[in-house]
Ligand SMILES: C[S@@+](CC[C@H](N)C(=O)[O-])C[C@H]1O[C@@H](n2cnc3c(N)ncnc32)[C@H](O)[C@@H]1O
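Given as structure tokens, the chain that follows is alone and in the form predicted on its own.
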Amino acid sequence: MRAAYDEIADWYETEFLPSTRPGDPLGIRRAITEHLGPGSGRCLEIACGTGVHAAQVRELGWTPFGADLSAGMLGHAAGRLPIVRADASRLPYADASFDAAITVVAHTDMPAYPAVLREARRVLRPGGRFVHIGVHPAFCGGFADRADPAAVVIRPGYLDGHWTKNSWTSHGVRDKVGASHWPLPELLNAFLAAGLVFEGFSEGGAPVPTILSIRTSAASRQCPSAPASGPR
């Protein structure tokens, strides 16, 4: 299967990433530090792209692994972390094989994101941490005109929940590969349905948030309780 990002992988690595503003203007690095935090063990980045977050994950003490559908993006990630080419809704890992998992600005690239969340839950050990860092569902999307940072305009379309290439800029990714939009209730309910327990939230970007980050843990799998024995 050829992934949409295969067409733009070289542009993404050599032009788009270097063109992003220095520092941490969207608060992505801060969100990784705050929600993933220091730890040890295996951490899977689902939809790792070119692997640009692997160094920070490693600095926090984790051993990073990456999975992505795009062979082109993985070509740039290969020297940054161990990788596998895979559909995020069908990860080639055993149950409970990771201590943590993250997705970073990726859920809008995955039309089947509820299935991805179920897979994240499956490959996590009970109690393992899953961190979602994604574009803000209320303020980013084909319905949000951010051409003027001082006056972001929200237009009709927030509840459409569809894939679009509409974008306020021709210098980003959405106009090239499109994006799926998940209204906030649908996004949060998908976490609950996957068996992920909410632990914390944060927003990033200014003056109107661009990023919504969600920290969860994998609920313990429980066997059905045996019927209670009453007096005979």
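What you see is a predicted model; the values in this text were computed from it and never measured. Heads up: residue numbers just count along the shown sequence, starting at 1.
Below, we turn to the form predicted in complex with the ligand, even though it does not appear here.
*Asks:* Decide yes or no: are 114, 182 and 212 jointly within 4.5 Å of the ligand in the model of the complex, with each residue judged by its heavy atoms?
*Replies:* No, because 114, 182 and 212 lack any heavy atom that approaches the ligand to within 4.5 Å in the model of the complex.
*Asks:* Can you pick the stretch from 57 to 65, 39 to 47, 162 to 170, 196 to 204 whose heavy atoms fall within 4.5 Å of the ligand in the model of the complex?
*Replies:* Within 4.5 Å of the partner lies stretch 39 to 47.
*Asks:* Verify the contact flag for residue 73: yes if a non-hydrogen atom of it lies within 4.5 Å of a non-hydrogen atom of the ligand in the model of the complex, no if not.
*Replies:* It does: once the ligand is placed as it appears in the model of the complex, residue 73 has a heavy atom within 4.5 Å of it.
*Asks:* Considering non-hydrogen atoms and a 4.5 Å limit, does the ligand approach residue 88 in the model of the complex?
*Replies:* Residue 88 belongs to the contact set for the ligand.
*Asks:* Contact between residue 140 and the ligand in the model of the complex at 4.5 Å, heavy atoms?
*Replies:* Flag for residue 140 set to no.
*Asks:* Within 4.5 Å, heavy atoms only: does residue 69 come near the ligand in the model of the complex?
*Replies:* It does: once the ligand is placed as it appears in the model of the complex, residue 69 has a heavy atom within 4.5 Å of it.
*Asks:* Work out which of 152, 105, 96, 78 lies within 4.5 Å of the ligand in the model of the complex, going by heavy atoms.
*Replies:* That would be 105.
*Asks:* Determine the residues of 129 to 167 with a heavy atom within 4.5 Å of the ligand in the model of the complex and present them in sequence order; the list may be empty.
*Replies:* Heavy-atom contacts to the ligand in the model of the complex: nothing from 129 to 167.
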